[in-house]
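This document starts with one chain, in the form predicted on its own, laid out as structure tokens.
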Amino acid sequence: MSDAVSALPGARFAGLVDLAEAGPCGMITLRGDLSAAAVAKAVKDTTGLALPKPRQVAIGKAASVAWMAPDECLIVLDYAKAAETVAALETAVADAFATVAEVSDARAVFTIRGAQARDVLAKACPVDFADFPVGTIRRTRAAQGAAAVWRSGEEEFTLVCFRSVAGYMWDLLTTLARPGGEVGLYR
């Protein structure tokens, strides 16, 4: 078996914000009735986290669980733990109306850190970042690419996109983060 390689290994950029490609991340999509007790228990048992409320992310030490839609959540965890977590989830939801899919290799993950992170993202995303506390998530567009963005810290955001557009997303983010492009929306 070959080692996992992320979309843009080691990519880093320092400008208005610090950008980084996060490296290989385990990601699991769970679709089904999120209000079903068996689904909620399966997520809690495998991640240690409760299913988040709509447009929220439960952030833990070993995993995060993001609400993606009324019938979908995304579990983000260590890449090496994804396969065993999928197996545990499939067993746990076998009698529920739910599906589980590992999507680790189909996604790219970027971190955006710094005091101007909201400004940089606002240039590309049609999202009002003024009321966007830690743990909030939006599925949106970043210019022409589909993305999910959540606030993972006071001055940190995580952006997930399809791996096939990782180069485009990286070029977009580094262009938006170049010094001289300050907009001062969120001071």
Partner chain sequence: MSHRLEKGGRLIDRGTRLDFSFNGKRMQGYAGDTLASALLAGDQMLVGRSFKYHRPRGVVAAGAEEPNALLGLGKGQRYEPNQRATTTELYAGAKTVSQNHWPSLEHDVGVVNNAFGRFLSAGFYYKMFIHPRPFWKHVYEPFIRRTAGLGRAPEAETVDADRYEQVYAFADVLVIGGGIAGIAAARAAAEAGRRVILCEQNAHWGGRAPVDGAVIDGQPAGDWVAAQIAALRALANVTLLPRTMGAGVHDHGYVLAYQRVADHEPGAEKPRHRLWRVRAGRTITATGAIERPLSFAGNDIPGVMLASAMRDYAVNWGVAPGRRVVVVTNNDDAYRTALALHDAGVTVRAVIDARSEAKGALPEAVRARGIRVATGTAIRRVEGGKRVTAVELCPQESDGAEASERIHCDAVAMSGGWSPVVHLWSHCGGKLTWDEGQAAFRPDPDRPPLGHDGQGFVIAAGSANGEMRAGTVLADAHAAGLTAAGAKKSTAPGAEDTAEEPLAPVWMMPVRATYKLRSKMWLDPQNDVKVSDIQLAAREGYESVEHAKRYTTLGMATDQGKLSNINGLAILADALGRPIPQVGTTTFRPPFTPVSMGAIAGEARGGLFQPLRRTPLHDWHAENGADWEPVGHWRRPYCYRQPGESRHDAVLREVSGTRESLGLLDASTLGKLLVKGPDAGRFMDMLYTNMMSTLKPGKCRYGLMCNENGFLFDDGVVARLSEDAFLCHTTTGGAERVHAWMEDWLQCEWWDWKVHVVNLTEQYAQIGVVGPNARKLLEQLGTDIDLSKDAMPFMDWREGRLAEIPARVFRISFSGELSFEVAVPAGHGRALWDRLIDAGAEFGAVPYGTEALHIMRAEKGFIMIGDETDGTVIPQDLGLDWAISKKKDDFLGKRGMERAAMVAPERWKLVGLETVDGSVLPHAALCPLEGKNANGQRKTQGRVTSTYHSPTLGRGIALGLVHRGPERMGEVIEFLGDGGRMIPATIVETCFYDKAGEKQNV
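Numbering follows the first chain given and starts at 1. Nothing here was measured: the structure is a model prediction, and the numbers come from that model.
What follows is about the form predicted in complex with the partner chain, which we do not show.
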| item | value |
| --- | --- |
| Answer range among 44-52, 150-158, 58-66, 117-125 for contact with the partner chain, defined in the model of the complex as heavy atoms within 4.5 Å | 117-125 |
| 4.5 Å heavy atom contact, A92 and the partner chain in the model of the complex | no |
| Touches the partner chain in the model of the complex: S104 (any heavy atom, 4.5 Å) | yes |
| Any non-hydrogen atom of P179 within 4.5 angstroms of the partner chain in the model of the complex | yes |
| Heavy atom of A88 within 4.5 Å of the partner chain in the model of the complex | no |
| Partner contacts in the model of the complex for 154-182 (non-hydrogen atom within 4.5 angstroms of the partner chain) | F162, R163, S164, V165, G167, Y168, D171, L172, T175, L176, R178, P179, G180, G181, E182 |
